[in-house]
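Listed next as structure tokens is one chain, alone, in the form predicted on its own.
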Amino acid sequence: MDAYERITRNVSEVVTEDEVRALAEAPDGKRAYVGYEPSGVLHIGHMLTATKLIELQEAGLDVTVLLADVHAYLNDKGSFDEIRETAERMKEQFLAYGLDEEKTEFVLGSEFQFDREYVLDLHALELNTTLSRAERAMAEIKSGESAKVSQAVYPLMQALDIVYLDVDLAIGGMEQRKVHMLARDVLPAIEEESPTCLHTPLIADLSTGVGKMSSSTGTTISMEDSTEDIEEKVNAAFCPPTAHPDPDDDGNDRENPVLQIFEYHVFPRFQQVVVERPEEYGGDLTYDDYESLEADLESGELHPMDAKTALVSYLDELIAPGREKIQA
């Protein structure tokens, strides 16, 4: 796997392919970034982008993790003291998950977002952006039903962060796509380059396969889950014997979240996956790649329940170091 293949593995969108290929040709000294609102506990969505950061480090890039305390405050996530305390806990969990500490810089937004030059540049972006454009960019990530003025400023700050962090590649889930497209549109107005972006997939709702997994509206998996919690959640997960399930009764498209977690979380971190089965049911199955596991599920060689049992084991191994940090 060459640098470009590693950088773009399991991403939903590359913006643009030529720009990412140029990065892949000379990755040393280049820096990728992702921003997270401090929430205290890493969940499976954080882990997906963190897995991509680990792959970028393996490809030769350095990584900046923005612990976006100011953004969290603007999105009504608590007081600054509360947010900063959770930010420190998140930092420990990211390192426990596998980020290379020597290649990872953690930055609080408040370390630079109150500087005079940043504020003036932010006002310049405000002058070049309509309110409706900012609201559209924020639609996927805002908290609450009604947009506040602070949430309209939020995506412009995300755009400006890319400049002030001096990064070469912006990473985010597909819910961040509108924000990154806004950044590509507005940053040239203040004579800055449009950012290169990678967007990772969203894991479907664990119980239904519809939409995206969310801690606020359904079941999610996080680093505070015990082995028993993970087992209970995975065993109850939607997992038909196919990667392409039919829509539900309301016509909503569905995904297979168990297979998604294998593809986006397990196989990037383990060279081989073993599904243990009694000899009377055919014995163990060994997979060197995700495609083989998916094919066996489709053919009936791999039963969904056996896939779930294996997933519990590998997820628990990934989560255990962060869980120990939380408990400590």
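Here the structure is a predicted model, which is why all the values come from computation and not from measurement. Note that residue numbering follows the sequence shown and begins at 1. Definition used throughout: the rigid core is the maximal C-alpha set that superposes within 1.5 Å between two forms.
The next section is about a form of this same protein that is not shown, the form predicted in complex with another copy of the chain.
ask   = Taking 70, 123 and 127 as a possible spot, do all three reach another copy of the chain in the model of the complex with a heavy atom inside 4.5 Å?
value = Yes, all three are in contact.
inquiry  = Within 4.5 Å, heavy atoms only, which of 243, 153, 99, 202 is in contact with another copy of the chain in the model of the complex?
reply    = Selected option: 153.
ask   = Though another copy of the chain is not shown, can you say which of 104, 75, 219, 194 has a heavy atom within 4.5 Å of it in the model of the complex?
value = Selected option: 75.
query = Tell me which of 171 to 179, 87 to 95, 252 to 260, 127 to 135 has residues with heavy atoms within 4.5 angstroms of another copy of the chain in the model of the complex?
reply = Partner-contacting stretch among the options: 127 to 135.
ask   = Do residue 189 and another copy of the chain share at least one heavy atom pair within 4.5 Å in the model of the complex?
value = Contact with another copy of the chain, no.
task = Give a yes or no for residue 236: in the model of the complex, does one of its heavy atoms lie within 4.5 Å of a heavy atom belonging to another copy of the chain?
result = Contact with another copy of the chain, no.
ask   = Quick one: does residue 110 come within 4.5 Å of another copy of the chain in the model of the complex, counting heavy atoms only?
value = Answer yes; at least one heavy atom of residue 110 falls within 4.5 Å of another copy of the chain in the model of the complex.
request  = Would you please decide whether residue 165 lies within 4.5 angstroms of another copy of the chain in the model of the complex, comparing each non-hydrogen atom pair?
outcome  = Contact check for residue 165: no, nothing within 4.5 Å of another copy of the chain in the model of the complex.
ask   = Against the rigid core, is the Cα displacement of residue 133 between this form and the one not shown at least 2 Å?
value = It does, since the residue 133 C-alpha is displaced 2 Å or more between this form and the one not shown after the core fit.
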